[in-house]
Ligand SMILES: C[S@@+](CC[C@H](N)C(=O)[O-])C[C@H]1O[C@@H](n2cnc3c(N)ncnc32)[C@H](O)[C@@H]1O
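In the block that follows, a single chain appears as structure tokens, in the form predicted on its own.
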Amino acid sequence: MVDFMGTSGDDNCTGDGPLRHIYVHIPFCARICPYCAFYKERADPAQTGRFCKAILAELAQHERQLPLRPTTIFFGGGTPTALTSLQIAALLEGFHATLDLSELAEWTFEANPGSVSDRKARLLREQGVSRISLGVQSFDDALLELLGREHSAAQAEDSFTLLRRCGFENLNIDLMFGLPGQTLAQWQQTLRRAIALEPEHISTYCLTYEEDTEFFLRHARGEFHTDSEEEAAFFEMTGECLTNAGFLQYEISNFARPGFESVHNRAYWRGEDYLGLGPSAVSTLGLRRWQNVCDYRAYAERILAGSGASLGDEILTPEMKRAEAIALGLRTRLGVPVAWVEDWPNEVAEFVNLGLLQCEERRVVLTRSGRLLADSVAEAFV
């Protein structure tokens, strides 16, 4: 049996020493997208300042209990850029004041084109944010309207240009395919417009109909339909277009120019420990996992009262940790060490015979066909 609680590295799930990765959830959005299942709410100007104070208070609580020396920080949401410039400045200055950032390699901030301004972009750059992930989703205005986005394709391009002009040298564009009514021609045009902007990174996600969303209800009523063959065609086109443009597919949904793979996300896929701050944020430390309350008002009240915001601990078993490590690792270009799946020789042999897995230098890697069925393959090793 492989020890999944060893020292840090590509072939281990967690590391000893300081906690290196921090995620911050900012739940506010100017508009609620009908497909999004993440915890989010419309921003209440009367509450957002108090919320920012709570984020810094929670960071200070953990800093007193855990050795924190981050190599990555990721502000996600929601829409972090929905905060005002003053609130963003207060948050980032608080992180600088609280943490030792001498080993910080990547600081990512998610942004929506509709909430990016020159002032905010310059502020983020001046405060040390090194990477922006821009939630474009599509360069087709009709599809953007369907998705409930607040920006147009032209605004997305303008926002990207603004970020570049403000000095950002590491920009990601988020895109979605498999949208209701979307054609392959529309997707190809979106990919071409994204490539033309010359980003360092492109993330492409197939739409999934998540519970508690408007799209899920419309799918259940038969208004929207899924087609696995069509989704496969979108997937194949994505890999072909982006690979031909010089991007490396280092994870099923993520493509990067050489040297611009997301450090934060790679740590997550390797199963490294991370601290989550903010409402609904999840943290994992060894075999201990916890999630914060999914309500930003209750979160702020609990944190500012001096108590924790956790809903309670979940204690993982080594078997659970192993299953997660295999599932996440198989999504990446490097796959997983053969030793991780040695307890399933028949399953591995069958997937190899089916052309879904291959062995490369003592590692098991999904083939191009296997990437289409990654979740099904991973289930065999639970």
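Quick caveat: nothing in here was measured; it's all calculated off a predicted structure. Just count from 1 along the sequence shown to find any residue number.
Keep in mind the form predicted in complex with this ligand is missing from the figure; the text below concerns it.
Contact with this ligand, judged by heavy atoms within 4.5 Å in the predicted complex, is confined among 245 to 253, 97 to 105, 74 to 82, 299 to 307 to 74 to 82.
Although the partner is absent here, Thr190 lies well away from this ligand in the predicted complex, with no heavy atom inside 4.5 Å.
In the predicted complex, this ligand sits within 4.5 Å of a heavy atom of Cys36. Residue contact check for Arg149: one or more of its heavy atoms lie within 4.5 Å of this ligand in the predicted complex. Taking non-hydrogen atoms only, Leu86 never approaches this ligand to within 4.5 angstroms in the predicted complex. Think of it this way: in the predicted complex, this ligand has a heavy atom of just one of Asn292, Asn265, Gln137, Ser159 within 4.5 Å, and the residue is Gln137. Though this ligand is absent from this view, in the predicted complex it lies within 4.5 Å of a heavy atom of just one residue from Leu197, Cys166, Met176, Leu91, which is Met176. In the predicted complex, the residues of 207 to 228 lying within 4.5 Å of this ligand by at least one heavy atom are, in order, Leu207, Thr208, Glu210.
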